[in-house]
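Shown here is one chain on its own, the form predicted alone, set out as structure tokens.
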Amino acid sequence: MIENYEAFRGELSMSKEDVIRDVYRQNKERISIKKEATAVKNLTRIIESTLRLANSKGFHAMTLRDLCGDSGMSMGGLYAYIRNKEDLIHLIQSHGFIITRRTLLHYTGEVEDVRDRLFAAIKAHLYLSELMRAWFYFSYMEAKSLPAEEKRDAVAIELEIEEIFLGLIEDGIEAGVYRSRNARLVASMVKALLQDWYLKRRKYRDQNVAVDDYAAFVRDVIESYLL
């Protein structure tokens, strides 16, 4: 069970490098660099630069030349990893989805109590979005203007993450811990509350609401309806 945000930062089981390595392995057919260590290092630079530029000037205003300037890579070097911005979107989406799914499953997998398991998922998602706010914000804000295929992928990612919360809520209902409710609707509400944290971060900062406080608030709101 995750104690708090600071503990989460120190305990996160997979490193950024592990996640980027999985992104590389899933996209080998798109990438011409075959030396994994080199590819992982450069993919990390590409992804971090993309998120930085997207959040400062907007993804659609950003050019591949901008990306070269920020990442320190040449245009030829960049083309070894991506052919265009559509490939870039695919890499960014793959990266975020892998780490989000792994984190939720890791931090809920060995929690036996159904209420604790749901709270662990809420905290894991919030804590991860605090650490990776740039990706979460990018994913939400850019999804509506993605190409059709990538938009479908983005929606599928959102639904799969929501399915994790749906399963946890259904487990509680089946165990008799939660009342019989529309579990899918509750899962959608949980996701909306989690999104509000990273989309409206300034609002909560102005209210001096810390991420641990917000996690407890989300749990209390959801349990007031389910218990």
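Sequential numbering from 1, following the sequence displayed. None of the values given here were measured: they were computed from a predicted structure.
Missing here is the form predicted together with a further copy of the same chain; even so, the following discussion is about that form.
Every member of the trio 144, 191 and 224 reaches a further copy of the same chain in the model of the complex with some non-hydrogen atom inside 4.5 Å. Remark: of stretches 168 to 176, 183 to 191, 30 to 38, 64 to 72, the one touching a further copy of the same chain in the model of the complex is 183 to 191 (heavy atom within 4.5 Å).
Contact annotation: residue 56 falls within 4.5 Å of a further copy of the same chain in the model of the complex, judged by heavy atom distances. When a further copy of the same chain is considered in the model of the complex, residue 164 lies well away from it, no heavy atom lying within 4.5 Å.
a further copy of the same chain is not drawn, but in the model of the complex it has no heavy atom within 4.5 Å of residue 48. a further copy of the same chain is not shown here, and in the model of the complex it never comes within 4.5 Å of any heavy atom of residue 79.
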